[in-house]
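One chain comes next, on its own, written as structure tokens: the form predicted alone.
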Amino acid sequence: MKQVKALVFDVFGTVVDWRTGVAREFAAFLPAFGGTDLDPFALADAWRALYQPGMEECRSGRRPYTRLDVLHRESLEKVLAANNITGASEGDLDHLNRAWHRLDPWPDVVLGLTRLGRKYFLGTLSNGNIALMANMAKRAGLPWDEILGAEPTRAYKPQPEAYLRTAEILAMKPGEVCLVAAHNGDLRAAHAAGLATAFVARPTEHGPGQKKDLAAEGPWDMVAESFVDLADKLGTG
């Protein structure tokens, strides 16, 4: 890690607890539309399950790059239709779709990022679009130095371009940039592109029965239990 100048972070799951936040928004939305018998967490999981298929349409070239807010809205409409939830206005749907802008960070995140920022350039390497990431950061107090990811690189992870173009935008060599993520697949792609890698476990990202990404599964440069632990290990005070 001695050559690393910038830490870039996966956001959904690594920095913020998307499942709890999205379920909270569904719980507030459902009573007006006769959906009180539905499980908000199950709806959050169903919405998230359409995340990768939506991006794959862009990754494969079957569809031009389309920002995540648009893909999320299309997926949301599918989830609502599958559960016979009708009657929502455009305003209702727009507000619910922006649930992803209003997610809460894990408890260790703000302190950990603040400490890490004393030594490293901090930023996002997320599939989320810039407005989404900026709104989230402003609400949650996330001290990013920059917001990068799919929109400026025009590539969705795990495409190599998502990692390499991020380093290029930062005017750094790939090895001077470290991806911090809770997902081994993301880290594998970053490692293959030449980035340094750090794994931080989020064992309840998918709920109490989570079965994947419970531990590091590759030759990552750093493994930590939290962002605070990562700051300790990187000596950022």
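Heads up: residue numbers just count along the shown sequence, starting at 1. Everything numeric in this text was worked out from a predicted model, so none of it was measured.
There is another form of the same protein, the form predicted together with a further copy of the same chain; it is not shown, and what comes next is about it.
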query: Contact test in the model of the complex: residue 168 vs a further copy of the same chain, heavy atoms, 4.5 Å; finding: yes
query: Residue 106, heavy atom within 4.5 angstroms of a further copy of the same chain in the model of the complex; finding: no
query: Distance check, residue 67 to a further copy of the same chain in the model of the complex, heavy atom within 4.5 Å; finding: yes
query: Close approach of residue 117 to a further copy of the same chain in the model of the complex, 4.5 Å, heavy atom; finding: yes
query: The unique member of 88, 130, 79, 110 whose heavy atoms fall within 4.5 Å of a further copy of the same chain in the model of the complex; finding: 130
query: Answer option from 71, 147, 162, 96, heavy atom within 4.5 Å of a further copy of the same chain in the model of the complex; finding: 147
